[in-house]
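One chain is shown next in structure tokens, namely the form predicted alone.
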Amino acid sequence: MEELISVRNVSKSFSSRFVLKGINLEVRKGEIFGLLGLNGAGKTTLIKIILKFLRPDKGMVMWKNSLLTDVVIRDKIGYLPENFFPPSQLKAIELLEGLASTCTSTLPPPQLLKMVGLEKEAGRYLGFYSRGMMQRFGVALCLLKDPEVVIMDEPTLGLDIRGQRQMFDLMTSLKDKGKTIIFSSHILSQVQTIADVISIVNRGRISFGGRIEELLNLHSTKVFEEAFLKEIEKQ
């Protein structure tokens, strides 16, 4: 598969405390890439560096073997942040149509809402959306410009079990439509069902990168949670 995003030797510190230390990873076209790690491991910092919200102290992020630019991020990458709070006084369809008018190329807002299961809630004010509905709407915003890559930081945060299942089903459907998905999560059981490749961030470094089956074999277990815990405890 074609390599889309490559993180090369990226390091980042805050007030002399290193959060990321020489991160290297590759994301290929059409895969679901899971970014795993304990709280404070550096997952969100890495996502913000990929999106150029933060500048690394060292290293670079590449797009198809060229330096990732603002234009590529604007046109090719959609993003769902960890905490997503759109204007509550607007209706879903109003916000999508307003943003669509500022883009050179978009998917039709009604089509987007149907894709995420919100077509019947199009005229509802966002302030009355449930947590799960809000996450679905966030995905619709991600897809507005029909990006090649969708990045989601903790997409199941605050969702109940049914909402978590629906979110992961939605991510799988996006892959079926040709999207590349990068997401962070703590829900290992769900990650195991959908992720093609994972990277485990541990104490600012990539402790493991590859397929889940490889991690299980490495630690001689059939239980993903057990393998994950062994991996982060080995350093």
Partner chain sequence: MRKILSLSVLGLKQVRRQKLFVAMVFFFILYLGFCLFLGKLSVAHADKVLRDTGLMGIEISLVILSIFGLSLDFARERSTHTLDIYLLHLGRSAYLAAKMLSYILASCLYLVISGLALSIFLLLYRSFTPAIFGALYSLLLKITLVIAFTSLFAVIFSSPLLAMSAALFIYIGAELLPAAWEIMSRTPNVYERGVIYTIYAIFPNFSRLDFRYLAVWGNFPSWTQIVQVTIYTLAYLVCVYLLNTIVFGKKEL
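Residue numbers count along the first chain shown, from 1. Since the structure is predicted, the reported quantities are computational estimates derived from the model, not experimental observations.
Beyond the structure shown, there is the form predicted in complex with its partner chain, which is absent from this document and is the topic of what follows.
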property	result
Residue 129: touches its partner chain in the predicted complex, heavy atom cutoff 4.5 angstroms	no
Residue contact check: residue 52 to its partner chain in the predicted complex, 4.5 Å heavy atom	yes
Residue 48 within 4.5 Å of its partner chain in the predicted complex, heavy atoms	yes
Its partner chain contact in the predicted complex: residue 165, any heavy atom under 4.5 Å	no
Segment that reaches its partner chain in the predicted complex - one of 180-188, 201-209, 26-34, 66-74, heavy atoms within 4.5 Å	66-74
Option touching its partner chain, based on a heavy atom within 4.5 Å in the predicted complex, out of 117, 110, 158, 98	98
Interface residues of 134-163 toward its partner chain, as seen in the predicted complex [heavy atoms, 4.5 Å]	141, 144, 145
